[in-house]
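Here we start with a single chain on its own, the form predicted on its own, put down as structure tokens.
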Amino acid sequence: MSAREPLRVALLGAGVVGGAVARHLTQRSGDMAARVGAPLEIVGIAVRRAGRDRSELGVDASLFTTDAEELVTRADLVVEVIGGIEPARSLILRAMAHGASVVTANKALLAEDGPRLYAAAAQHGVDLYYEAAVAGAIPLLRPLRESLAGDEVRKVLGIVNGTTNYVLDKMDTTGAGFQDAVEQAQALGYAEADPTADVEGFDAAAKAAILASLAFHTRVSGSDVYREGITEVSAADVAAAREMDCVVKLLAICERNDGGVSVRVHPAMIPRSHPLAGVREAFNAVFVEADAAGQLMFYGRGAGGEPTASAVLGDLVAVARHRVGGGLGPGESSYADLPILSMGDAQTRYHVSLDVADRPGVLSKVAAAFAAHDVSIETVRQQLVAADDGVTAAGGDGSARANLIIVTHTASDAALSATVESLRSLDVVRGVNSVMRVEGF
């Protein structure tokens, strides 16, 4: 091994993740060389400002450079952890054109332009690995891409954003409001100063596109993913879930059915008996259902410098071994080319809370609205609404009021949505308090 030429590694980015990667490569160089079969030598680290003190990384200060375009032309292996679309895309394409294999953690870029990157990797005979792009340290993408390559994956259901899971967990376990829970997440470093990408579901949608592409051998982009965030989840929604022995989670749901692929991200109630219900704080977990393998669950830390660096280093060792031994890892598999179904075609269930008049005939009118759209009702529960003085609250016409809580059987989202719109127009319905999807039963 000592006679082998070192493999030249270029790092793009020295933030939380890039810094952790650089530190491990430096401190564990002997182990890495033994596992790869050749030394890994950092030849440069591209940063925005080269003059900053980064002595805590234990890396020679002369390695830091602001010229990323030049750096990628003299590397065998390039690690991209700067994020975003540009300049990351241009740098990755430039690296591949100069014969470098690439390891990236860039979920946004893969969701937007993955096919172009795959094509460039194939054209130049290099690897493109990206385990760290989804669920941090959890080994998830490689099992989908390799271990389950001979199986038929039917469904991928997961919690893939630690920030939103922390927020919803605190709303459930402590009774915190949405904004208070977000501020707690920010104080602990789980949420950015601007948490929009997380709480509005953009981060999870990018990850869902990657998962669906791998699971169903079909090109799925971020724009194909139906997305709802958690900003509208209220304390009342969390309480309603608790009454059903459920918990609210932001779920990424990728399903193969009706000859197509449905990919969506939205909050949903799931039963506390489901494995995903017990995923607490900022942890991630993904539930996979396949024909032969059955049900599998992957769980662990989905973010943070060290967990993400673990996934990056795993990919780096894999592509380095290919350089030493010859050959390449698997490329894009999109042969199935299944159609992407609209959200209206997705099969789901609804939990609907209605403010209704408490008088005879109300339930029959409500049930008729569901039947008109061929939606079956599973359970109905009524709660009288008490006024502040303890007397049953009255509506504007003097009639008593009640909360009518309905959980449906599975139906198309289009039918369920149309049903809710019909309910809004009924004279006995004073208002639709909340609507939330129900999954995992």
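Quick caveat: nothing in here was measured; it's all calculated off a predicted structure. Think of the rigid core as the biggest set of C-alphas that the two forms share within 1.5 Å after superposition. Note that residue numbering follows the sequence shown and begins at 1.
There is another form of the same protein, the form predicted together with a further copy of the same chain; it is not shown, and what comes next is about it.
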Subject >> Among the candidates 28, 52, 409, 48, the residue which, in the predicted complex, approaches a further copy of the same chain to within 4.5 Å (heavy atoms) >> reply: 28
Subject >> Contact segment among 98-106, 125-133, 189-197, 79-87, judged by heavy atoms lying within 4.5 Å of a further copy of the same chain in the predicted complex >> reply: 125-133
Subject >> Interface membership of residue 416, a further copy of the same chain in the predicted complex, 4.5 Å heavy atom rule >> reply: no
Subject >> residue 383 within 4.5 Å of a further copy of the same chain in the predicted complex, heavy atoms >> reply: yes
**OP:** Would you check, heavy atoms only and a 4.5 Å threshold, whether residue 269 touches a further copy of the same chain in the predicted complex?
**Re:** yes
Original post:
Any of the heavy atoms of residue 178 lying within 4.5 Å of a further copy of the same chain in the predicted complex?
Top reply: no
**OP:** Would you mind checking 68-84 for residues with a heavy atom within 4.5 Å of a further copy of the same chain in the predicted complex?
**Re:** none
Original post:
Once you line up the core, how about residue 354: does its CA shift reach 2 Å between the shown form and the other one?
Top reply: yes
Original post:
Does residue 405 show a Cα shift reaching 2 Å between the shown form and the other one after rigid-core superposition?
Top reply: yes
Subject >> Flag for residue 63, CA shift 2 Å or larger between the shown form and the other one after aligning core >> reply: no
